[in-house]
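Only one chain is shown below, in structure tokens, and it's the form predicted on its own.
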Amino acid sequence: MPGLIGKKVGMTSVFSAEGKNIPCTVLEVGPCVVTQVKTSEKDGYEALQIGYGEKKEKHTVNALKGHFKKAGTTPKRVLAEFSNYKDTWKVGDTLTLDIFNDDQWIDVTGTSKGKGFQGVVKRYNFRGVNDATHGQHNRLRAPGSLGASSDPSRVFKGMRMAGRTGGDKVKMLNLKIIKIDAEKNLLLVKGSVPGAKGSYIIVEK
């Protein structure tokens, strides 16, 4: 079964039947258009390509213009492929929230917020030296020793150091669907979803 592409709207909270306040993320998901059906004979693998979001034709490259024209749809902003789909979909078909049900568990993939250049305390949750013993002066948030000295006289790859943080592809597993508003293409899921408001996400069963 394929997934859908959408946007993160923001966060809210709803009350359950037991009176518990459940934090939820609001997602605007679909409608998505099938732009290509890839087969093993022609493409070497089977996948379903769908598009989401309108894009101006003047901002679309000519190769994609022909691709969307062949599919009989307007230029789309985001494309994604899904494998292991059971239903028979054709080019030009529209996928909506009807493929999901209430009380279903889904996976959501998004791009985490970019936080710029950060130190090791924020980036890797280093403890730092709060008690500042043994002559510690002004190195409370420093990473400490980076490795050996004369042999091998270098810093090993993968050493956790300061650097650009965030902006990574993150997949949240097993989020529960709380409510579906098919008319407004809104999906409420329990918990948080990576990314800023308005960022694109991919929802999979």
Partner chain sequence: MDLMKYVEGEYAIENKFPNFKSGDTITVHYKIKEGNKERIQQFKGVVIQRRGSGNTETFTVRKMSGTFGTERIFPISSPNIDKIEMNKQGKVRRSRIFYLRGLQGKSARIKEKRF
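Positions refer to the first chain, counted from 1. Only a predicted model underlies this, so the values are computations on that prediction, with no experimental measurement involved.
FYI, the form predicted in complex with the partner chain isn't displayed, but the following is about it.
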Inset, instruction - Among 53 to 61, 150 to 158, 26 to 34, 39 to 47, mark the stretch whose residues have heavy atoms within 4.5 Å of the partner chain in the predicted complex. - result: 26 to 34
Inset, instruction - Please run the contact check for L188 against the partner chain in the predicted complex: heavy atoms, 4.5 angstroms, yes or no? - result: yes
Inset, instruction - Answer yes if any heavy atom of A196 is within 4.5 Å of a heavy atom of the partner chain in the predicted complex; otherwise answer no. - result: no
Inset, instruction - Answer for K179 alone: is it within 4.5 Å of the partner chain in the predicted complex, judged on heavy atom distances? - result: yes
Inset, instruction - Verify the contact flag for S192: yes if a non-hydrogen atom of it lies within 4.5 Å of a non-hydrogen atom of the partner chain in the predicted complex, no if not. - result: no
Inset, instruction - Can you tell me which bits of 72 to 100 touch the partner chain in the predicted complex, meaning any heavy atom within 4.5 Å? - result: none
